[in-house]
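Below you will find one chain, with nothing else, as structure tokens; this is the form predicted on its own, and questions on how it binds or moves follow later.
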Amino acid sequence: MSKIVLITGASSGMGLATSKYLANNNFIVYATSRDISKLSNLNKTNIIPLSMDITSQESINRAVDIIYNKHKRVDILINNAGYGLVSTIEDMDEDEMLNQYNVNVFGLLRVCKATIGIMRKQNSGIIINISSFLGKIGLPLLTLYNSSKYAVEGITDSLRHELKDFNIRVHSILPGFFDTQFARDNLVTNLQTFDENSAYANLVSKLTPIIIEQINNGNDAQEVALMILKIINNDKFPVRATVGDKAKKFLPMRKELSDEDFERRVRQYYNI
């Protein structure tokens, strides 16, 4: 019997690559997006496009009900949807601050809330949270994004304890920079921070070109899809997996060095 997968943010990048890869490996994949028109190219037999807005519990519940009413189960949840705000703390406004967490953190929690009860009753399930290597590393201008991914890491750790008795595994994947639509479509910039007269203009001019270049020349999203299948197939898989050059470079270093030494390495690498 094919396992049922629910994945958020499936219209591009890692979500799209994972949807196609799992479908090709005999999973039934419900590929969701707020804008279902972006899923019109997903016409494979095992991929079912589904409209879902992760900022709305009602929209999430409606989508999960569609899946459950047809299959009576949800085997795998992949929390992939998210975006990055590029702004200083000084410049960001209230809406930017709340929206970043509403999608990256509260959106993830809403989808978990809607699916955990199903998994608990079936006494099985896997939740895979797509985090970021920036969930372990601070960078300027990305404070809200970084901290949202730090939160995802905390959610992963706590949920593992909470769901252990119900045979539900919880994992996170911490990708480095990948060549997806992220830099082009999923980075939101604050106009004040990027104004040429900003007090932070020097920092912006040095850091943002490096970050965008690293994203646009990053690893292939297919690597994340391959890692997700490995997690699904191995019930002894570690809590976390790193994928991509930057993640593999910085995260082991983060464990080995003191906070101060690691900060110096990051500053030196990014010339900040």
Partner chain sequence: MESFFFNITDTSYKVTYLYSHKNEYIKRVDISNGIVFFNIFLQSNREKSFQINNLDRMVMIPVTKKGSLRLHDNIKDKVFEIKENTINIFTSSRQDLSFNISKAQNSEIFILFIADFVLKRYLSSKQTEIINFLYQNIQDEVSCELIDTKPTDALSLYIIDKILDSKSDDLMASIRCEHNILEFMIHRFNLVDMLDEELHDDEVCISRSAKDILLRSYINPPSIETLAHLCATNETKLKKVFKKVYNTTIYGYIQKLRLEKANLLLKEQYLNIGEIAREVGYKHQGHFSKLFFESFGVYPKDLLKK
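It should be emphasised that the depicted structure is a prediction, and the values quoted were computed from it without experimental measurement. Positions refer to the first chain, counted from 1.
The same protein also has a form predicted together with the partner chain, omitted here; what follows describes it.
4.5 Å heavy atom contact, Phe262 and the partner chain in the model of the complex
Flag for Phe262 set to yes.
Test of understanding: in the model of the complex, would Ile76 fall inside 4.5 Å of the partner chain by heavy atoms?
Contact with the partner chain, no.
Is the gap between Val266 and the partner chain in the model of the complex 4.5 Å or less for some heavy atom pair?
Yes, Val266 sits close enough to the partner chain in the model of the complex that at least one of its heavy atoms falls within 4.5 Å.
Is Ile137 close enough to the partner chain in the model of the complex to count, meaning some heavy atom within 4.5 Å?
Ile137: yes, in contact with the partner chain in the model of the complex.
Mind telling me which stretch in 24-32, 240-248, 221-229, 57-65 gets its heavy atoms within 4.5 Å of the partner chain in the model of the complex?
Only one stretch passes the 4.5 Å heavy-atom test: 240-248.
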